[in-house]
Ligand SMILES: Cc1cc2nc3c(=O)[nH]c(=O)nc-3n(C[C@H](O)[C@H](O)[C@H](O)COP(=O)(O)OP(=O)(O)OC[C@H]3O[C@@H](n4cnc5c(N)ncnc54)[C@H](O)[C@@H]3O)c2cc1C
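As structure tokens, one chain now follows by itself in the form predicted alone.
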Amino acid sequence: MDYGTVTESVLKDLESLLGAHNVAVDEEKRRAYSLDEVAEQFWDRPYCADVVVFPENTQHVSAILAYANERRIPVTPRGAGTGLSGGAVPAYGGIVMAFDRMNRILEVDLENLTATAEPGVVTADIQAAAARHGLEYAGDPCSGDVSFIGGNVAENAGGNKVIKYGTTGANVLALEVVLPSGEVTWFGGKRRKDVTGLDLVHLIAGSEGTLGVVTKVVVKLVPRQEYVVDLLVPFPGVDEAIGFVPRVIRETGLIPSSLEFMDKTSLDLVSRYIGSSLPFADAEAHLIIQLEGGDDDVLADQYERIGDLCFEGGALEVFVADNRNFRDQLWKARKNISEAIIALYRKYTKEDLAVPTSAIPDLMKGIERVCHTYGLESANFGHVGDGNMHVNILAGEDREDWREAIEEARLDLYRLTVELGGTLSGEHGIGLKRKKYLPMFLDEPQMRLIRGIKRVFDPNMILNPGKILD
């Protein structure tokens, strides 16, 4: 694909459209806005935007896209840069469109139980706005304290509460979207049912900014549960912890709001990173089981039932985190594992595999086997309640052939995931990082449909090119 270039004339035009204060060309800023959480060492070459623009409203976004589309200049939308797939990395240079300045919560609608926000709103700020009215936005990615709601929609982010409330897409009712042509349209609305035409809301959610640019998001809110308790449950082995997971729902009839897994290596790394450890640090695996409800006595009965079941399943202990300090300590550890790996290792791959929950034991055994074959280690954690495991394959600092070893291990792991009925990514996305592996998981008819949808939305291929597909 031949793309137009960002010339001095283009820069002057962008300044005319947006104001000079919303156009940045200095190298430091361009480089900073050309990265996400995937380290530069993992790319085949440096990637850098030619210019970064900061739209302040939908009209700005529309003007940028119409201008770029006419001149075939690539445009890469960017949220907070917390992604783990290279989704916001400008694969073909051009324009990075950053949403730092579209950061307003426009409405909390108490009658329809919705909130409307611009794409640059930090997800936790939506939570806080809803909480002031006794409500909650149930989309809860682990990066929620820093990630933008627009990025969550683009990746269809998951997180800790998917088992009960679903992914980001399940909590989105409507989107204002600017198409690559510059046209502005709305998909969906505040209504809870809609089979008029196709479900374009949930086509955009998870499309990684390749089909349109989201400029407003309408999310549904639910009543905030007054009482929340977390159980921290150490197990002597990974098999016992993983094997116990299906029993939580099947034998109690309860659906936890979170059901998370952390292996010993993960906890060791995060303990070094944050400077504190959880109880039973020598256990091979820990589960976090979160329950919530409106009645303290009922909740106490529920967690006692689950606690008894944990001991039957081989748990070493059951810790009840029913106060803020313990809960904050517990979730600080869980949410910082990924950052700990980035800080403590230079040679690794971070995978985001999703399999049927019944296949998790086989996946975990396969990870151990693959790492043993190639002389590697692994740190595994994730949303075990919905089958989404974050598999981190680690190589020692002195390993010179680490790229080759990790690549072979990754391919073996992907083949196993396919055999288990799993998929390449549960919530982190395909982006630039995983696109070459997509044909291992999707057949040619599906790939052809994806290509066709891209051409319909974006015939000039200007919007986030190089992501998902070549």
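Each residue number is its position in the shown sequence, starting from 1. All values derive from a computational prediction rather than experimental measurement.
Although not depicted, the form predicted in complex with this ligand is the subject of the following passage.
Requested in this report: Please pick, from Pro234, Pro141, Pro180, Gly387, the one residue with any non-hydrogen atom lying within 4.5 angstroms of this ligand in the model of the complex.
Outcome: Checked against the cut-off, the match is Pro141.
Report task. Could you work out which of Gly313, Gly81, Gly169, Gly307 is the residue within 4.5 angstroms of this ligand in the model of the complex, going by heavy atoms? Result -> Only one listed residue qualifies here, and that residue is Gly81.
Query raised in the report: Does at least one non-hydrogen atom of Asp125 fall within 4.5 angstroms of this ligand in the model of the complex?
Result: Judged by the heavy-atom cut-off of 4.5 Å, Asp125 is well away from this ligand in the model of the complex.
Requested in this report: Report whether the minimum heavy atom distance between Val270 and this ligand in the model of the complex is within 4.5 Å.
Outcome: Looking in the model of the complex, residue contacts with this ligand do not include Val270, since no heavy atom lies within 4.5 Å.
Requested in this report: May I ask you to check whether Glu339 falls inside a 4.5 Å heavy atom distance of this ligand in the model of the complex?
Outcome: Glu339 belongs to the contact set for this ligand.
Query raised in the report: Taking heavy atoms only, is Glu208 within 4.5 angstroms of this ligand in the model of the complex?
Result: Yes, contact at 4.5 Å.
Query raised in the report: Counting only heavy atoms and a 4.5 Å cutoff, which of 44 to 52, 24 to 32, 410 to 418, 427 to 435 contacts this ligand in the model of the complex?
Result: Checking each option against the 4.5 Å cut-off leaves 427 to 435.
Query raised in the report: Mind listing which residues of 106 to 120 have a heavy atom within 4.5 Å of this ligand in the model of the complex?
Result: Result: Pro119 alone.
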